[in-house]
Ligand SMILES: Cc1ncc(C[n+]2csc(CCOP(=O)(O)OP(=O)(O)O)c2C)c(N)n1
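Starting off, we have a lone chain in the form predicted on its own, written out as structure tokens.
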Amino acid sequence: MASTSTAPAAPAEPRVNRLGLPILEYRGGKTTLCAGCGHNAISERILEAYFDLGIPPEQVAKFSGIGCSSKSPAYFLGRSHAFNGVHGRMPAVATGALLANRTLHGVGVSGDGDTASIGMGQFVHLMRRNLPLVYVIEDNGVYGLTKGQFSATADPGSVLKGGAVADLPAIDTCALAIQLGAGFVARSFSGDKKQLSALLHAAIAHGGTALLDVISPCVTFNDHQGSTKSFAYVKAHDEPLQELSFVPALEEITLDHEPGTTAEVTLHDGSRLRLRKLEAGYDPRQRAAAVARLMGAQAAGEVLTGLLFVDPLAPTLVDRLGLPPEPLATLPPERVRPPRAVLDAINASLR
């Protein structure tokens, strides 16, 4: 009797990006964060975004400070440059590196403690300078490495596992960034894969500071009833501003929507962000309206997500300084040292 067994199917070829690289080349080390931590989902979305956009891992510089969030860069883009700074000082390190070498794509990962407490002074000046950097805040409302105390982004009335109630006003990093001049400000949820992915793609394509505050529940200390940053609370109170889709500059741009329902924003590199409005009248290009909408959402107990504000034409710090496109360390002496005639003129003016 003839055998009916069939040969096993050949394994599928791994998907590659426009550089010919498989997604494996964009992965990092094995996570040591708690099982189920929202930070791991954010790491996955970040590596997928750089893979999809075809950015070489070696062209990316990762920056972080101290905290559970600041461990995250070890878990994506293992072949990229990386610097783990001291608590709250990631913006200063990123500023120096990205001004010295404009060819790098910068991504900084911070936490609500690292950003909104000890690092607030540096955060404020980074936002107003509009440095070309994707700034991701992994926001869980607590200090995960020091046993779950409230952070500065904890909402009033939120309750810790031990029963303590937050009684101080929360710092809204998105409202602050919009007021200070950041050109791209968004909020998302680590459990919303589609929205977070679109926002990360757009943030990478944006030319200046792109702040993305991601509510990322701490499964150990802040994922219980009474927490306003738990999975259940965010899912129940999520108020999305729009449905987002991202079209890279390398792909054909087509239109597929009903007139009057979709806005389209062209980003720095030619990519486009499509916004199908769920909230009538909201325009993410209006700075004052964005702050007002955030304040209204906070008063109503909503978690407002989506693209809050965007200005792709805002000049960056690199534009203001007039820096050359080459890394500064590669410039020859004649381009960085004033000629003798300039020194003679300075000396003459002081006599």
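Nothing here was measured: the structure is a model prediction, and the numbers come from that model. The numbering used is simple: start at 1 and walk along the sequence shown.
The following text describes the form predicted in complex with the ligand, which does not appear among the structures shown.
With a 4.5 Å cutoff on heavy atoms, residue 143 counts as touching the ligand in the model of the complex. By the criterion of a heavy atom within 4.5 Å, residue 64 is excluded from the residues contacting the ligand in the model of the complex. In the model of the complex, residue 87 approaches the ligand with a heavy atom inside 4.5 Å.
The closest heavy atom approach of residue 43 to the ligand in the model of the complex falls outside 4.5 Å.
Exactly one of the stretches 204-212, 240-248, 67-75, 179-187 approaches the ligand in the model of the complex with heavy atoms within 4.5 Å, and it is 67-75. Shown without its partner, this chain lists 97, 118, 82, 265 as candidates; in the model of the complex, only 118 has a non-hydrogen atom within 4.5 angstroms of the ligand. Along 94-123, these residues reach a heavy atom to within 4.5 Å of the ligand in the model of the complex: 111, 112, 113, 114, 118.
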